[in-house]
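Below, in structure tokens: the form predicted on its own, a single chain.
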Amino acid sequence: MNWKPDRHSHLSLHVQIADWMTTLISRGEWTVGMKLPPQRRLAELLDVNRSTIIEVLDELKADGLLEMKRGAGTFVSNNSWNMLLNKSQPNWHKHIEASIHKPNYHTIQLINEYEQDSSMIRLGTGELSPELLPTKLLEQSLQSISLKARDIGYSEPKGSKRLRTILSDYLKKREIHTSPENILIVSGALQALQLISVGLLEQQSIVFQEHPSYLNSVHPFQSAGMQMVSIEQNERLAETLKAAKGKKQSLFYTMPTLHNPTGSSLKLEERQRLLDICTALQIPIVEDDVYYELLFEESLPAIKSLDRTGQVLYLGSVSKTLSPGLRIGWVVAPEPVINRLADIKMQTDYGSSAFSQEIVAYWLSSGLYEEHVTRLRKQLKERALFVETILEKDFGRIATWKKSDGGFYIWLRFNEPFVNKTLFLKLIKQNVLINPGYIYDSQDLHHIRLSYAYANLEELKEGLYILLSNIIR
């Protein structure tokens, strides 16, 4: 044993000796079952204190490379090769467990997985059926889009100037008056929430949300370290917000038109009251307005249209109306906020798809978009009526619901707490996929977010009767 630790090395004696012993074992020079010299002898050979040897041996025992046999001494472990192999590979499980982004609920992971199975009847999907997408018209419109070389490169930080100009004009119909400089193009409204969470809030900020909430199923704020507080919009709203906010940064996320998952909409006075309270408490509002064009009747004004002080960050998208695959949405906000979010977006993805932006710009400016949305509302209304007819006929004794005002969903409430993980899994075995209420509120075992937007009429009927047969057994 000629080796000795280098006392001039930047590595401690302990680390050098442990590495040396590990190397001897990995090379097979110290074979499995070999007995090591006694501690005192090792200390003499390596010219170190015995306490250093004890620390090294204890560490290698903990790593599984050495083992102690009472009364016999210290030996190279029978499992040393396996331990060395495991130690040479990254511990990906540890990396995953320690990562910042929260894993989704197991139920939602299963929903995402089974939505790819074409044999499943999807009763909860928040997406338009392929038969409702204007596929042929989109294909034909590509022939009318003229592209320049600059159009298909990276767009400027805020997105296509042409699209932002068209949007500023289009949003006037929503009584939102803004300029292209106050608009940011994003890859869907969910990306907007992610940008807001990392760009405008400090960790442990309070994010208020309506109860129940779609945000509980996607975690854009939770994974950025925010505290989610669910509230009811009642007469004590101002007191509740003030007490919960304290001195922390906060914002209020709301979907006032065709709320996800309930499908409800705030009345005009409720919108104005929420804006007044949040303005007084200096709580910014994030208004998610992605469903408003799908209202069956005349729309109520956006909260943003009532805003005179830059209190509201407004989110829109074509994912629920034209195509989720285009991945185009927008944020309307004060210019410093837009500049901040644009900077973070450029660091993240260097801009949304240039092709998608050109398609959306063409559809909005040509009138094709509004023609399509008019047809789509009619189709969705027919589907909603079809489902409501089945519910009235067969679910009236066991559940309640509110007639749909538009969008995709009926918030179906069973009288008894039937909607648990067991029911969810049982339905999957029968090729029916639901969105149970507990993914939006962990305590909710009564609701199902029932979507009439994805499955065709035959599938909707079959899926509802399979659901019913599992409830009334």
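Treat the numbers as computed from the prediction; the structure is a model and nothing was measured. Residue numbers run from 1 along the displayed sequence.
What follows is about the form predicted together with a small molecule, which we do not show.
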| property | result |
| --- | --- |
| Joint contact, F296, T321 and A384 to the small molecule in the predicted complex, by non-hydrogen atom at 4.5 Å | no |
| Answer range among 298 to 306, 312 to 320, 264 to 272, 373 to 381 for contact with the small molecule, defined in the predicted complex as heavy atoms within 4.5 Å | 312 to 320 |
| Among the candidates L123, M255, L195, V207, the residue which, in the predicted complex, approaches the small molecule to within 4.5 Å (heavy atoms) | M255 |
| One residue of G159, P284, G188, P212 in contact with the small molecule, assessed in the predicted complex (non-hydrogen atom, 4.5 angstroms) | G188 |
| Touches the small molecule in the predicted complex: I176 (any heavy atom, 4.5 Å) | no |
| Contact test in the predicted complex: L184 vs the small molecule, heavy atoms, 4.5 Å | no |
| The small molecule contact in the predicted complex: V290, any heavy atom under 4.5 Å | yes |
| Partner contact for S352 in the predicted complex: the small molecule, 4.5 angstroms, heavy atom | no |
